[in-house]
Structures are given as C-alpha cells and as structure tokens.
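Have a look below at one chain only, the form predicted alone, in structure tokens format.
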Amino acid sequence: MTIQTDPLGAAGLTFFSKISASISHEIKNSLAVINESAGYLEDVTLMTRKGLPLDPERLGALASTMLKQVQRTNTIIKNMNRLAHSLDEDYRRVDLGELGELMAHLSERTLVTKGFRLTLTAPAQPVSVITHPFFLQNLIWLTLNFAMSVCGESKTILMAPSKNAAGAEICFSGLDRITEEMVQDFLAQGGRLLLDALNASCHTATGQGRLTLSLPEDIHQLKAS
C-alpha cells in the first residue's frame, strides 16, 4: 500500500518533530540540574541528622539554582505551548517581532550546538501581518538552517523584521557565503513550498550576504513583490 503524504503536512511534521526533540533535550537538561540539587539536599538532611552544621550560603545558592531551572523550564514549556497553538487558526494577525523572538528561543539549542549565534533586531514599532503563523514559523526555521550553511566566519546570523511597501519583511544577513545557486537549492528543498503557502516571496543580495522574506499585509492579497 502506498501512503500519500501532503508535502506541506510532511514539512510541518518534520519541523514540529525536530523542535519537539530540541525542547525535550532542554527540559531533560533542566531536570538533571534539579535532580542533582535534590540529591545534595538529601545529603544535607543526613548531615543534619548526624549533628553536622548547615552551610546557609551553600543552601541559598542551591535554592537559587533550582529556582532558575524551574523558571527556565517554565519558559521552554510556554514557548512550546505558543508553537502548538499556532495551529489553532489558519490565518491571524501575527506580530513579527514576537514571532521572531519565539523562533530565536526555539532555534537556540540547534544554533548553539553548531557554534552559531542569532542576533534578533526588534523593529522600532510593532510590525504585523495577517498570515498562517505555523507555516511562517516553519519557513523561518528552514531559513535559519539554510543560513548556517552560508554564514560568514563570524558565525553570527542577523534577523530583522520590518515594514515594507507590500506589508512586511524579515531580513537575514551575515550570510557571506551565499550564492544564487545555494538559494535555488534551499527553495527546492522546501523553501518555495512554504513561500507559496504564505503568498510570500524571497529576495537575495548575494554580494551583501543578505536574504529577505517578503510577506503581504494580508495573506489573501496578491503575491508580495
């Protein structure tokens, strides 16, 4: 039996599974720190039962570490929750600054593991468009993965959402090794599929190491140019 898979659905599942795997690793790391701290508390309990003195400073540092990990885990889960709820509606108004911040958090582990850094420049004024949030998150994630393959020696990717005449755009720069051929490969490997779904377009300035995603003010408008 041959199973027919919708290409957009398959791309979305790949994106969601990879992000979920990254999130699970982050939560596991936090739990490992909390578990280690809990083990030390058990040791302290045994020490006090034997009449040994407590070290208030060490206990304070331990409590601070545990609280920090709980807060970190809470942030991770909130971000995963935001990602999951991006499928609640097909179309809605999306703040690109907030979306960029979410994707920076969700992509952080992948970037850091590979030795890259992402710098997000928030717009001076809120920039929003009516679009499909999940598909846009998927496209940004694909673009960041592509950006790592063409980034310059600084290994720093700059991402900046802003307003434009068509609606809005998200510019990725620091891509010193980008070529038109590489961009076409990126588009063929899923980029174009998501651009079409978002009624968006992609522009490159290879001499300036820049790739820009252009989004219409409303996804139902004529394609962004």
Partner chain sequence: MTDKVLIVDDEVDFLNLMSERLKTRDMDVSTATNAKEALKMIDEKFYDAVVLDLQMPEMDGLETLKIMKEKNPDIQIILLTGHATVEKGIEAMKLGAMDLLEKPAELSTIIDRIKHAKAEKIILVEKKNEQRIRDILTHKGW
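In this text, all values refer to a predicted model and were calculated from it rather than measured experimentally. Definition used throughout: the rigid core is the maximal C-alpha set that superposes within 1.5 Å between two forms. Numbering follows the first chain given and starts at 1.
Keep in mind that the form predicted in complex with the partner chain is missing from the display, and what follows is about it.
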Option touching the partner chain, based on a heavy atom within 4.5 Å in the model of the complex, out of Glu36, Asp185, Asp176, Asp196: Glu36
Distance check, Thr65 to the partner chain in the model of the complex, heavy atom within 4.5 Å: yes
4.5 Å heavy atom contact, Lys28 to the partner chain in the model of the complex: yes
Distance check, Arg192 to the partner chain in the model of the complex, heavy atom within 4.5 Å: no
Contact label in the model of the complex: Val112 to the partner chain, heavy atom within 4.5 Å: yes
Which of 199-207, 6-14, 213-221, 20-28 lines the interface with the partner chain in the model of the complex (heavy atom within 4.5 Å): 20-28
Site test, Tyr91, Leu99 and Ser128 vs the partner chain in the model of the complex, non-hydrogen atom cutoff 4.5 Å: no
Interface residues of 45-74 toward the partner chain, as seen in the model of the complex [heavy atoms, 4.5 Å]: Met47, Arg58, Leu62, Thr65, Lys68, Gln69, Arg72
Lys28: Cα shift of 2 Å or greater between this form and the one not shown (core-aligned): no
